[in-house]
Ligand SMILES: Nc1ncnc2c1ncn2[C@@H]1O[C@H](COP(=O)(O)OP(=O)(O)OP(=O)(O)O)[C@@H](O)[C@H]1O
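This document starts with one chain, in the form predicted alone, laid out as structure tokens.
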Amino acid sequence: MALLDVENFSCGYGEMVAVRDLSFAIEPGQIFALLGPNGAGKTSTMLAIMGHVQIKGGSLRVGGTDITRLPALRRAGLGLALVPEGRRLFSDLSVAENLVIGGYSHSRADEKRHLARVFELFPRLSERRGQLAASLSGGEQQMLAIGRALMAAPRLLLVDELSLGLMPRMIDLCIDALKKLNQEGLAILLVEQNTNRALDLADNVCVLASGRSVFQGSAETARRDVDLLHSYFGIAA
């Protein structure tokens, strides 16, 4: 059974339809990348899966449970957690306070265990646990955004634009963390502007253009598709 099953899915804002008739499935322990040019519908898809953008057609299932009409809070309770584009941290709260908010629905014992796991994964956050989130570098803020999502103990981590605005070294650290989490069994849905890094990380990919799927398959197959890379990402063979 797929962890996330997206079937004939459409979403949008008001009268506008941003994504049409999209279908894909993410298996447990898989890294799945949504790729495509700006405005293709990648972020809209991710936000609709989380319950923050209107679903206009089709269905979503998590572990066989239909979540199409469930509110965002119920979806989080079924194991979905989002690392949003731009991080969206509570800038006037400390690192530790931001993390605790991410695990609000769990017990104190779970909170301590999850905090320890985040600090093990990102030692920089442990060193800066008392600092305000606003005082962190961009890379450290991205680590904090990932850590906050992990506090919910998700089964599927949705990561929107991991590398946006980050120095290469910080991108490497965040990608290494995602690899480690995946090796431990966490499934990941990734939206990423850096196509080469996404193809290196993902097992399977879906390429969107103008709100529709134009390719689905393995990352390796996508990498070998010269026309695909050139047409949608401007990457020469």
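From a predicted model like this one, the values you see are computed outputs, not experimental measurements. In this text, residue numbers run from 1 along the sequence as written.
Just so it is clear, the following notes concern the form predicted together with the named molecule, a form of the same protein that is not shown.
Student: Any chance 18, 39 and 85 all have a heavy atom within 4.5 Å of the named molecule in the predicted complex?
Tutor: Contact check passed for all of 18, 39 and 85.
Student: Please check if residue 44 has a heavy atom lying within 4.5 Å of any heavy atom of the named molecule in the predicted complex.
Tutor: Yes - in the predicted complex, heavy atoms of residue 44 and the named molecule come within 4.5 Å of each other.
Student: Contact between residue 140 and the named molecule in the predicted complex at 4.5 Å, heavy atoms?
Tutor: Looking in the predicted complex, residue contacts with the named molecule do not include residue 140, since no heavy atom lies within 4.5 Å.
Student: Select, from the options 167 to 175, 31 to 39, 64 to 72, 195 to 203, the stretch whose residues sit within 4.5 angstroms of the named molecule in the predicted complex by heavy atom distance.
Tutor: Checking each option against the 4.5 Å cut-off leaves 31 to 39.
Student: Pull the contact list for 146 to 176: residues with a heavy atom within 4.5 Å of the named molecule in the predicted complex, in sequence order.
Tutor: Result: 161 alone.
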